[in-house]
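You are given C-alpha cells for the same protein chain in two forms, set apart as structure 1 and structure 2.
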Structure 1
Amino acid sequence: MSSPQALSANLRRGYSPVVKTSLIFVAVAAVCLFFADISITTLDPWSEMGRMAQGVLAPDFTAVAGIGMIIVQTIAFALCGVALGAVGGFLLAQIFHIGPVRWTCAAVRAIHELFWALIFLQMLGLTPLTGVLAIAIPYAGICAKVYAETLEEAELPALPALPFGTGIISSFFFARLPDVWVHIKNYTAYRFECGLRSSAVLGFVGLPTLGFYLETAFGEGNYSEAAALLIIFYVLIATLRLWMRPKLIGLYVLVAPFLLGGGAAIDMRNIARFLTVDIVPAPLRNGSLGAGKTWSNLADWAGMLLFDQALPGMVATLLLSQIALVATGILALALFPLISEKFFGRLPRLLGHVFLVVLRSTPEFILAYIFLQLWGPSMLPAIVALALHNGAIIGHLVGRFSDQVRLRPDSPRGLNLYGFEILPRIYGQFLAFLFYRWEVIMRETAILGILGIATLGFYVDSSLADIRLDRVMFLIAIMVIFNVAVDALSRHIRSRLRLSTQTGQA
C-alpha cells in the first residue's frame, strides 16, 4: 500500500491514481443518477414521517410481548449460522487459491441470505435449518475470502525462524496462524454482528426472529411498537462486548441449537422434487432431451428471461448500486470525524459512536422498508438506505484508522486539518474499504427488489410468487455471474491501486 506521505503529496498535486479512479466513479454515478427513478410517489410523506417520529419519541415497550424469547431466537440463529460459516470458511481458506474453490465461494456469497432462505423454504419448509443454512452458506464464502486474504497479506516474521524441514501443518499452527489470529478473531466477531442483522432480517420471510414482529408492527402502523423493537435491537448490538465474552462463546454455541424453536418436519420428498423437477427448466421438464424442438424451446425460454427480466433487472441493479456506492463514500467521509480523536473530545465522540451504531446496526433491508413507507417504491428509498447503512460502517472503520495518524505539533485545525492533513493520509484506506463493500452493496441492491424496487430481486420474487422455481434459479445464476464480475473488478482495482483492508475489515 502506498505510504500516507506519498499519497498525501499526490492528492495535493491532483494526479494520484486514486483521485482519478474516484472521479471516474463519481462521473459514472452522476450519469446513472440521470437515468434512475428517484421520485417520491406517496401522497403525503410528511404526515407519515410525523407519525413515525411520534412513535420514535414514544416507544411502547409494553406492546412487545415475549420480547425475551424473540431476542434469544434472533441470537440463536445468528450464533448457529455464523459458527458454521466461520468453521467452513476457515477450512475453505486453506485451499482458496484453487480456482474452483475460489469461484464456488464467490458464487455462494453473491447470493443474499434472504434469497438463500427463500430457496431453502422450498426444500425444507419453515424450519430452523432453513434460517441457519441461509446464514451459514453465504457467510462461509465471505469468511473464506477474508481469512484467505488475511493469510495472504499478513507479514509473517515467525516463518523464517522455523527449523529447516518443518512440516506444513506445524508451520501453519506455530508460525502463520498466531500472527493472523487477532485479525481472524476480530473479523469473526464483526461477522457475528452482521449475523445478528441477517438473523433479524430473516423474520421477513416468516422465521421467528425480530424482523417478523417488526414487519408486523410497521404493516399495522404501530410505530411505537416498531420503535421499541428497534431500540431493543440497538441495545443488543451496542452491548455485544458485554455479553459475548470469549469464555462463554463455546457454551453459547452448544446451547443455541436448542433455542431455535420448532417447525414443520423436513420432508425428503420436497427436497427430491426441488432438485429433480422444480429447478429444471420447463422446456426440458416437458420435452424429450433427444428432440431438437426441446432445445429450441429452451433457447426461447432462456432468451425471454434474459431480455425481459434479467437484463432490465441488471441495469436497474447497476444504476442503483453505483449511485449508492458513491453516496456511501461521500457519507462515510462526512461521518468519520464524529468518532475521530483528531476532531472531537470524549463526549462528542461518544455521541458520534452511538449515532453510527444506530445507523450501521439497522439492516439496509429494514431501512429501505421504512423509507418505502415514506416515499413509495422508487429507487430513492434503496439509495438512502444503502448509503446510510454502509456509510456508517465505513465511517466507523475510517474513524478508527484516522486515530493512528500522527500529526505535527504545528498542524492546522478545523476544516484545514480535515482537508490538508487527515483526508489525504486516510484516503487510500477509505477507498480500500469502499471498494471492499462494492460487492456487498451490489448484493444488497439485488435483494431490495423483494420490497418492490425493480432490481434483479424483484423478478426473482415475482417468479417465486408464481412458483416458477426454474426461472428463480436462472435469474439467481445471472445474479451470481454479475456479482462475481463486480468482485473481480473490485479486487483488480484494489490490487492496481495497492489498497489493502488489512488494518480493519469492511
Structure 2
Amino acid sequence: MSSPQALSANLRRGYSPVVKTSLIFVAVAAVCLFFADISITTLDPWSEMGRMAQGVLAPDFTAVAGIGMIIVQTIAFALCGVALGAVGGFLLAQIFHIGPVRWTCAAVRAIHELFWALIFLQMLGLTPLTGVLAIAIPYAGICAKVYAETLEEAELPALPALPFGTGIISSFFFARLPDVWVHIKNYTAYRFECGLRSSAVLGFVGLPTLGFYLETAFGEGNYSEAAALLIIFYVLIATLRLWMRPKLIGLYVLVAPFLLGGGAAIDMRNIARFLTVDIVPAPLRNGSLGAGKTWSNLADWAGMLLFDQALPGMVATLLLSQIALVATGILALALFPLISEKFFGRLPRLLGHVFLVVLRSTPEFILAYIFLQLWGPSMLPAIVALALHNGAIIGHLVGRFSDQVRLRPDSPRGLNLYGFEILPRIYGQFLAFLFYRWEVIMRETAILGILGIATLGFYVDSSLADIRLDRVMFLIAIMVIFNVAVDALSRHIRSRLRLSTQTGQA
C-alpha cells in the first residue's frame, strides 16, 4: 500500500475519477488500519488451526444426530421466509412509488436478519414464526426495491394494444408481468440462496437451523462434526439448481411450514407488552410525562446512549467496514481470474468455482466466528471473514463478466493480459459491484458485534443481555439511519462515476 503522501501526489496528477475514487478509498482504509486493532491474541493459533484442518479432512457425518433434520429445517426456514418476503416484496413493489412505502422498505432492509430475530424473540419467543419473519421482513424490503426497479425499467409493448376496459389486474398479469418475469424469477432464486445462508445463521440465536449445531460443534472443538455440517451445506448450495426445480417449488412451499418444528404458543400479551412498554425509553416509562425531571432524564438517557455507545460503535463499524471493503476489492480482483476463461482451462476453472462457492456459501458471521476461535478477539477475524465472503461473491460476478470481454488475437498473456487488457475493461463493473456491496458489508459489520467485536452490534447485544429493550430499539434506529446514509452515499458515488450493473445481484 502506498503512503498517504504518494497517494495525494497521485491525486494531484489528474487521474480519471474512477481511479481517484479508488485511491481515496484505499487511503481511507489505510488510515483506518492505523487505528484498528488487528492483533492475533491467541498465543498458539497454529495448533488449533491444525486441529481444525484435521476435522475438515476427516468430517464425521455420523456425529450429528439427525443431521438430515437440521438441513431440512434450515431449508424450510429459508423457503418460508423467502416465499413470504418475495410475495410481500412483490405487493409492495406495486406501491413503491409512494414515499413512505419506499422509506419503510429502506429502513426494514437496513436491519440485519439476526437483529430482526432478536426483536421477534422478545415478542414471539423461540417459535418458528420468529425465524420466518426474521427472514421475510428484511427480504420483503429488498425484493420490493428490486422488483419495483425491474417493473419500472420494463418496456411494455403490449400495453397500448389492450382492449379498452381491460381491468388493472388482467392487464398487469398479461401485459406487464410476463415481460419482467424471467428477471424477477432469477432474482428470487438468488434471494433464496441468500435465504439459506440467513437461515443457517439464525441458529446462532437459538432457532433449530444449521448455526445452532455449528456453534455448539465449534464451541466444543468438535471440528469433524462442524466440517460435516458445513460440507453438507456447501453441497446443498452447489446443487441448488438440481433440486430447486420450478415444478417442485409449489410443493416445497406447501410442505415447508410443517417442517419448521414446534415451539411454545404465541401469547398476544407478550407482543402487546413489547410494543407498548418494553420499547418505551426507561425515563418515560418510569416518570410522569408532566414532570420536567422526566424529560431531562430522557435527554441524559439519549445522550448517554448516543455518546457512550452509538458513537464508539459507529466509529468501530466504520473503521472495520472501510478496511473490509478495500480488502474485499483486492481479494475480488485477485480471485476472479480463477473462474475466467481468459486465464484458465476447464479443470482449473472448476476448482476455482468450488473454491469460490465454498467461500461465498459460508456466511460472514460463521467465518468470523471460526476466525475468532482461532485468532482471539480483535478486528482481524471480522476483516478476514468479510473480505473472504464478499470477495468471493464479487470475484464470481467479475469473473463471469470478464468472459464477455473480446480480445484481439494477438493479445498478451498472463500478468500483462490481466493488467493491460482485462483489468481496464472490467474495472468499472467491478467498482459498481463493490459499491453495491458496501451497504451489505456495513450491515454485516454491525452484526459481528454480537461475537464480541465492539461494533454497533456489540452494544445492541449488551443492552439485550440486560433486557433493556428500549436501548436496543434506540441503537437499532441509529443503525438504520447510519445504513441508509451509507446507501445514499454509495448511490451518489455510483451515479457520479456512471457505474451500473445489470444484475443487481452484488
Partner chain sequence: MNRLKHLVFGAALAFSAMGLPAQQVLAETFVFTAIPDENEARLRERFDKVAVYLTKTLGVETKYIPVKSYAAAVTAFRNNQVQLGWFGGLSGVRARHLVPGSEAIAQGFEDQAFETYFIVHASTGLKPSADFPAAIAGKTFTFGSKGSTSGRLMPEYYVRQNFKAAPNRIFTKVGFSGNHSKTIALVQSGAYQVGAVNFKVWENELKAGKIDPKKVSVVWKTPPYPDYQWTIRGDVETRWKAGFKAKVREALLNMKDPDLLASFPRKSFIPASNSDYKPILDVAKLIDLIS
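Between two forms, the rigid core is defined as the largest C-alpha subset superposing within 1.5 Å. Remember, it's a predicted structure, so these values are computed and weren't measured experimentally. Just so we're on the same page, residue numbers count up from 1 along structure 1's sequence.
Form assignment for the chain places structure 2 as the one matching the criterion, namely the form predicted in complex with its partner chain.
Once both forms are fitted on their rigid core, the CA atom of Y369 lies less than 2 Å apart between structure 1 and structure 2. Fitting the two forms on the rigid core leaves the C-alpha of Y436 displaced by under 2 angstroms between structure 1 and structure 2. Taking 2 Å as the criterion, R349 does not count as shifted between structure 1 and structure 2: its C-alpha moves by less than this amount when the rigid core is aligned.
On rigid-core superposition between structure 1 and structure 2, the C-alpha of Y147 is found to move 2.4 angstrom.
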